[in-house]
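Here you'll find one protein chain in two forms, each presented separately as structure tokens under the names structure 1 and structure 2.
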Structure 1
Amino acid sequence: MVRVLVPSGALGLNYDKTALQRGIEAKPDIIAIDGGSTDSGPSYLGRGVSKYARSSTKIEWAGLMEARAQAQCPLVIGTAGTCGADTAVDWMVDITLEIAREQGRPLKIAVLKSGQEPTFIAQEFKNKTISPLGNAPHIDQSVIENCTNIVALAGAEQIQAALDTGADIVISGRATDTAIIAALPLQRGCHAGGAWHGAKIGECGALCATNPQSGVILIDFDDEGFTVTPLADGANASPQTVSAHMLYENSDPFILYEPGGHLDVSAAKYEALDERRVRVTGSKWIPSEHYTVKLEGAKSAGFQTVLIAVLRDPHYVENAQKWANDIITKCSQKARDRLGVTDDDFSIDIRLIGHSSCFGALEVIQSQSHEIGAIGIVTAKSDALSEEIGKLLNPYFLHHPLTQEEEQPTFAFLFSPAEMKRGEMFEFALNHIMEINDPMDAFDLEIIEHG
């Protein structure tokens, strides 16, 4: 049996300290926590940075490093620093060494990096080892070369290689959410379907149970399946809460693709052992013919400046969409005339909060608010151009009348200056897989000895 302690769904979301202590006393074989995902958007991968505050990350990670020392087992984090790019891994290593100095313990740290050279990936694309997943964006060599960061998602094999070094702590770059939990059970010969399925159930911590924000759960893997035990007070797993977790953020609730194969849970059986614990058996792992890893990449999509104005005059609230459309037409023309730019160089969007800002053309409700927030978004090829067009947009946002006949209106600005620079924006550029011969081909493993 292999016992995995999962403190929470992600480092930075906090965990229940009493429950964590219960987990330590249960003598886990490994402590595993996820450090990120794509869910916060492309900017983090584009810039290679974490979304969470360094202070929160440090406090929570220090607690887990202390737990590791008490439990005398390895501690592993996957997708370090939200995006798992090499710079985010370096940030996490820096925090880890700072804590190690403060805690005064010698440590062996295995650092697994998932970052890919865009020129290498472009070459692989030419070699036809890269293929698209569903709804993948169109790519060519120049799209790939323009990515500021590309990562490959590590699977169980790469985490196992890091654990094989005998490290106390494994800091991994981008990895599948499940790999960090499944790696050790698979390595020790537990049921493969059970290992991947239990890992999927556990990857968000106590989200598979009641009291989901408590975080801490324990998963016991064996040669037939797995048992999940939430550890916080008031946290209970039931066959319903556990099986329902397969729905979460999965486009298919029965099939999960991983490096080297896929998990099929369509015949899985969920059984309540008592009011707190659930046992699952009957999950299947189907190995694939070729070993593939998923790629994620982000590239620059320009620079943005935004403005906010509030429309409160009922005449303007009623005609907000017409007002916004007219501003886009007139301000775009002014930018072309005064700056000599073309439509390839910039765009102006206006989102109307209280009207259609969430769903745009898909909105089905037509109702009249008493006020509407207008957000003007300038996206341009350079930071300077974005700021300049933001300044062209400013007088329209302040005074633009619906018709020339009416008195000049003045709308509510919240700030001075009204323009706010958002800096560089990024977009996801890859939803592809790459075939590799050896699982370590796309990854780098480094050992740091401290103290």
Structure 2
Amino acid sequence: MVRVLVPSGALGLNYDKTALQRGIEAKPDIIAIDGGSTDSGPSYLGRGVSKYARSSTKIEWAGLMEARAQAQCPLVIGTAGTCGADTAVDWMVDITLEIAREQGRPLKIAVLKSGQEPTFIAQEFKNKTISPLGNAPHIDQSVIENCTNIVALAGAEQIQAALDTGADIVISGRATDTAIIAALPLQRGCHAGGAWHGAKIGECGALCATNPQSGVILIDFDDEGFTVTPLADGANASPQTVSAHMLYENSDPFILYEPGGHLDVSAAKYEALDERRVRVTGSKWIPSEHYTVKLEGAKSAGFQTVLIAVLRDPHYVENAQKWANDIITKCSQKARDRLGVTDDDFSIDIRLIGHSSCFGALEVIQSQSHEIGAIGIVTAKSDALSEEIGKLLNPYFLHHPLTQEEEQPTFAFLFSPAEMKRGEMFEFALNHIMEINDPMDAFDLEIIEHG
């Protein structure tokens, strides 16, 4: 049996300290926690930074490093620094060494990096080893070479290579959420289907149980399946809460693709051992003919300036979309006339909060609000141009009437100055897989000895 302690769905979300201590006392074989994902958009990958505060990350990570010392087992983090880019991994390593000095313990740290050189990926694209996933954006060599960061998602094999070094702590770049949990059970011969299925269920900690914000769970893997045990007070797992997690961030509730194959849970059986624990058997792992890793990349999408105004006059609230469309038309024309720019140089968008900010023209629910928030978004090829067009947009947001015959209205800016520079923006550019001959071909492993 292999016992995996998962403190939380991600480092930065906090964890129940009492429950964590229960997990330590249960003598886990490994402590595994995710460090991030693409949930918060492309900017973090594009810039190679974490979305979480360093101070908060350090406090939580110090607690887990202390837990590792008590449990005398490895501690693994995947997708370090939210995005898993090499610079984010370095950021996490710096925090780890700082804590190690403060705690006064010698450490062996395995650092697994998954960053890819754009020129290398461009050559692999030319060699036809890269294929698109569903709804992948169109790419060519120019798109690839313009990416500021590209990462490959590590699977179980890369995490196993890091564990094979005998490291106390493994800090991994971008990895699948499941790999850090499945790696050791697979390495020690546990049921492959159970290892991947249990890893999927445990990837977000106690999200597979009641009291989902508590974070801490134990997963016991064996040669037939796995058992899930939430550890916080008031946290219980049931066949429903466990099986439902296959739907989380997964389009197919029965199939999950990973490097080297896919998981099929269509024949899985979920059994409540008691009011807290659930036992799962019957999951299958189907190896693939070729070993592939997913690629994620982000590239610059220009620079942005935003303005926020609030409409409360019922006449303008009712006609907010008409008002916004007229502003976009007139301000865009003014930018072209006065700045000598073309439509390729900039764009103006207005999102109406409380009206259609999420779905835009696709919105089907129509309800009357007493106020509408209008966010003007100017995206341009340079920071200076986005700010200049933002200033052209300013008077429209303050005084623009629906018709020329109406009295001039005045709307409320949320801030002064109204124009807020957001700096460089990024967009995802890769949602592809790359075939490699050896699992370590796209990854670098380094060992750091401290103390």
Partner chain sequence: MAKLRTAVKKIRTKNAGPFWLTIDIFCEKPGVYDAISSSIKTEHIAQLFQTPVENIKRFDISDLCVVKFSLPRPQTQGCRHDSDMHGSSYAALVGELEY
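Every residue number counts along structure 1's sequence, beginning with 1. What you see is a predicted model; the values in this text were computed from it and never measured. For the two forms, the rigid core is made up of the largest set of C-alpha atoms that agree within 1.5 Å on superposition.
Engineer: Only one of structures 1 and 2 is the form predicted together with the partner chain; identify it.
Structural biologist: Structure 1 is the one predicted together with the partner chain.
Engineer: With the core lined up, does the C-alpha of residue 408 move 2 Å or more between the two structures?
Structural biologist: It does, since the residue 408 C-alpha is displaced 2 Å or more between the two structures after the core fit.
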